[in-house]
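Shown next as structure tokens: one chain only, the form predicted on its own.
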Amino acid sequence: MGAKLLINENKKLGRINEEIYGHFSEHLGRCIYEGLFVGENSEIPNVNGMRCDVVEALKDMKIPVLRWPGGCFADEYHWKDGIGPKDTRKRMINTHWGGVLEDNSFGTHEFMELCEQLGCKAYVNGNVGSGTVQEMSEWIEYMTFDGVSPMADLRRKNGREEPWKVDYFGIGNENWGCGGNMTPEYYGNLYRRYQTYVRDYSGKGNTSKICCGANVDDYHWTEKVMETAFDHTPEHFHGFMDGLSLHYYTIPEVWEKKGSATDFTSEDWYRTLSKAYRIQELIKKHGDIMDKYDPEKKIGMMIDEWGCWFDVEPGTNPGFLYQQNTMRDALVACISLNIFNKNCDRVKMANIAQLVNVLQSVILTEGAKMLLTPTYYVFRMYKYHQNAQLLESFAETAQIGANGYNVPDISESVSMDESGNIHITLGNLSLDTVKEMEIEFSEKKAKQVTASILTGQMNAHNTFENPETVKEQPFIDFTVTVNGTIKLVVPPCSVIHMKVKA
């Protein structure tokens, strides 16, 4: 008899926002330039400068929302530098990331073009650290106003007649650090001021405002920012703050020595996965503080930077944060996304860092070559959870680990889509033990099951010489019993998606 995964399909716990499967693109390394944008004159196939191969892969993964332009870059970004004819745009050195030339050839129009090609929502991060209220106010006017005004007219002059929809707007980024080294009380008051001028020109509440939240376990920041924001807040609270961000990176060792992305031990494996699980504690504790001010959970927790952060690949620019991506990254994604799903009452968005060629990316490029990482396949396998209803589920697990770094051997979450299909995602975190499982439903009986799997050795990864070493494949090692339960054998170091019609 295997361990059981119990699913109560009659108890729906909330809607899993599609934005939980969001992504992040910063002017950092080769994320935007070379990764997403190659320019209209590139020999690499493109549409209006956007790489066709990357766009198609992201559409297949069903990317729901993209955050831009940063990151630390956001609080040094002045949006007027990135509009108008490209040959007249300002050229400068990217002092945050790698000391390379930023020619501003990718700006507001290009980002919105990218979102339109991807069919995803736009999350724009504004500049509080070095920008003015006027600058932020004019940016929103430029992007979203349909009337007669200086900024709307400037947008039209630059070739865009209709306004864009900016779904999310961030009022600064990491203002406790690279965004200005502020105290929470000071930032809280700046947030109140700046957000006032992020106007809703559509009259439809199209743009949700996101407040800069804490780094990791800085609960003092959350407390004081919420307290300051709510002090003398008008009764018509809607539209004042729609989200509060949280940043957490999974780093196996210490900040100064993060360890190799590909050369690691079994102890490193379990240490990394145990640190990935810490996001559950952070969601709970920051959420408890938010509940004091927002018991109805109208403010979403936006985990808009998360993922693995290792040492850069040998021989690459340290400021480019280019790292490989293994089955370890895939299991971190598995754990994190399952946790986000199970906390969908508070977590309304998450954006893995970053989209292409930076940190835990889903795609790597090298010239005209492109490959999909193990993390990409996890996102593609999990896309069926987007906008589905979270179902109550419980897995019988065993604690596994090394030298005190312990994790449950199984991570899981379950949802039901609008057609009534049940989607199960689970990962076997063990490096050496097969897990026999039986999936039982409260009342339903499984009738038809299809499944796929991602598996390999712990440091297995794709290279441009061997781009399909790790990839999603059909999974058939299961049986549907006469009682309508599902028995399966889960290989070690694997992630599985099952679609069940009952």
Ligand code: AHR
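Note that the coordinates shown come from a computational prediction; the quantities given were computed from them, not determined experimentally. In this text, residue numbers run from 1 along the sequence as written.
What comes next is about the form predicted in complex with alpha-L-arabinofuranose (AHR), which is not displayed.
**OP:** With heavy atoms only and a cut-off of 4.5 Å, decide whether Leu359 touches alpha-L-arabinofuranose (AHR) in the predicted complex.
**Re:** Output for Leu359 is yes: heavy atoms within 4.5 Å of alpha-L-arabinofuranose (AHR).
Original post:
Counting only non-hydrogen atoms and a 4.5 angstroms cut-off, does Phe24 reach alpha-L-arabinofuranose (AHR) in the predicted complex?
Top reply: Heavy-atom contact with alpha-L-arabinofuranose (AHR) at 4.5 Å: present for Phe24.
Subject >> Contact of Glu102 with alpha-L-arabinofuranose (AHR) in the predicted complex (heavy atom, 4.5 Å) >> reply: So Glu102 does not count as contacting alpha-L-arabinofuranose (AHR).
Subject >> 4.5 angstroms heavy atom contact with alpha-L-arabinofuranose (AHR) in the predicted complex for Leu454 >> reply: Although alpha-L-arabinofuranose (AHR) is absent here, Leu454 would stay clear of it in the predicted complex, with no heavy atoms inside 4.5 Å.
Subject >> Candidate spot Tyr77, Ser137 and Lys209, all three touching alpha-L-arabinofuranose (AHR) in the predicted complex (heavy atom, 4.5 Å) >> reply: Contact check failed for every one of Tyr77, Ser137 and Lys209.
Original post:
Of Ala353, Ile171, Ile363, Leu429, which one comes within 4.5 Å of alpha-L-arabinofuranose (AHR) in the predicted complex, counting heavy atoms only?
Top reply: Only one option qualifies, and that one is Ala353.
Original post:
Ok, His385, His247, Arg271, His286: which has a heavy atom sitting within 4.5 Å of alpha-L-arabinofuranose (AHR) in the predicted complex?
Top reply: Looking at the other structure, the residue within range turns out to be His247.
Original post:
What stretch, of 67-75, 153-161, 275-283, 198-206, brings heavy atoms to within 4.5 Å of alpha-L-arabinofuranose (AHR) in the predicted complex?
Top reply: Partner-contacting stretch among the options: 67-75.
**OP:** Let me know which residues along 252-269 have a heavy atom within 4.5 Å of alpha-L-arabinofuranose (AHR) in the predicted complex, or say none if there are none.
**Re:** The stretch does not touch the partner at all.
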